[in-house]
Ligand SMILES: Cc1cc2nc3c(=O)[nH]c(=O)nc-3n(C[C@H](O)[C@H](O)[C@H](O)COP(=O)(O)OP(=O)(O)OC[C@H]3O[C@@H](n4cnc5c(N)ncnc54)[C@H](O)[C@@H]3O)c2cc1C
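First, one chain by itself: the form predicted on its own, in structure tokens.
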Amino acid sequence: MDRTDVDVLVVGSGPAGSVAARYAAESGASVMMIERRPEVGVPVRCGEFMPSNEEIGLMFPGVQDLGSLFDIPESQICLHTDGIKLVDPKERVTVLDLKGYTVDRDRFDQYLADAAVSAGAALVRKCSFYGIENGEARTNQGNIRYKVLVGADGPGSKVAQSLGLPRNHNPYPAVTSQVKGDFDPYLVMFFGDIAPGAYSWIIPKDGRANVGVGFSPKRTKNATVGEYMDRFVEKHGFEECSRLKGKYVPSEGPIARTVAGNGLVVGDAAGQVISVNGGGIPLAMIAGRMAGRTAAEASAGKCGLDRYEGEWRAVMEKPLKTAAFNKKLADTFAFRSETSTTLCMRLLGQRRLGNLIRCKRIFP
């Protein structure tokens, strides 16, 4: 690829990047989306759960036109879920009525990328972003000149680094795998059952489940995430049907700035992740739409990129900061030991645990 000129260059084809590319193209911009991997959405490194539209609206009431953004076809849904079960180290279960559905992230990401291409965005695979030089993006397939650069390239974002934006601090490692079996239509989250500070999950699908483990490195220093996963699999007797896939999850809320010059970051790159449970797909899509529309108008000289900063913070900043604060409380008081985890979960009770999961204050 020789040097290319586009209005909006999007780096990364996950939900944040694909939604940004789609809405930028629909707004009239020429858009290129580059993906360093040969196939969109592969490998899967995600829990693959989506809350219902009603739950998203309750967590982020400022989202406009939520129905059109999350108009997901039934063909993309593996299983509708009825709620979440939170399990303490003594195996006491708290059931929360939080409806949603599960997806196959590879198919889901490809669906979103196809929507961006149908809107007019160009998708270039096997294209790695190296940095910025004289107003151009350097890639392994040549330089790309852009008017607006959108970084949707994950928690270790090279775009953020190139723009001089803050990095995500203390991301925590997590691994996931697919296992066979029939499971109840409830997400199950275990806290401290395999080690203090570690959590694990079962996310049911159709004759399968996504299972995984994450942990805070500050609390668990004597084993790797793979070893904790082995303990989890052995404890529950899972029949694994896929190899482990790992990632890092932002854990301290959104970064302080998401716009610099003629570039912005979105999704995991911006820390737009719910700290208490690692959920990020809905947030990536919400912020992606804002980023795409703003990028298109900014490339045409109709607005500044600061509009994106203001829009997403008005909708998501308060809930995300609340979630990050709640996680710090949990790290400080609950995750010191199995005993403290059990005690804190029982003291919180169903209502406050529900607030915790939904990014709301747990006290008073």
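Start at 1 with the first residue shown and count on from there. What you are looking at is a predicted structure, and each value in this text was computed from that prediction instead of being measured.
The protein also exists as the form predicted together with the named molecule; that form is not presented, and the subsequent description refers to it.
Residue (of 204, 263, 280, 171) lying close to the named molecule in the predicted complex, criterion heavy atoms within 4.5 Å
Flagged contact: 280.
So which of 209, 284, 160, 116 gets a non-hydrogen atom within 4.5 Å of the named molecule in the predicted complex? Here the answer is residue option 284.
**Request:** Report yes if all three of 15, 37 and 129 come within 4.5 Å of the named molecule in the predicted complex by some heavy atom, otherwise no.
**Result:** Contact check passed for all of 15, 37 and 129.
Q) Counting only heavy atoms and a 4.5 Å cutoff, which of 55-63, 299-307, 332-340, 41-49 contacts the named molecule in the predicted complex? A) One stretch meets the cut-off, namely 41-49.
Test of understanding: in the predicted complex, would residue 249 fall inside 4.5 Å of the named molecule by heavy atoms?
Yes, contact at 4.5 Å.
Taking heavy atoms and a 4.5 Å cut-off, does residue 105 contact the named molecule in the predicted complex?
Because a heavy atom of residue 105 falls inside 4.5 Å of the named molecule in the predicted complex, the answer is yes.
Is residue 267 close enough to touch the named molecule in the predicted complex, meaning at least one heavy atom pair within 4.5 Å?
Taking the distances in the predicted complex, the answer for residue 267 is yes, it comes within 4.5 Å of the named molecule.
Would you check, heavy atoms only and a 4.5 Å threshold, whether residue 25 touches the named molecule in the predicted complex? Result no; residue 25 lies far from the named molecule in the predicted complex.
Open item on the list: For the stretch 299-334, I need every residue with any heavy atom inside 4.5 Å of the named molecule in the predicted complex, listed N to C.
Closed with: Stretch hits: zero.
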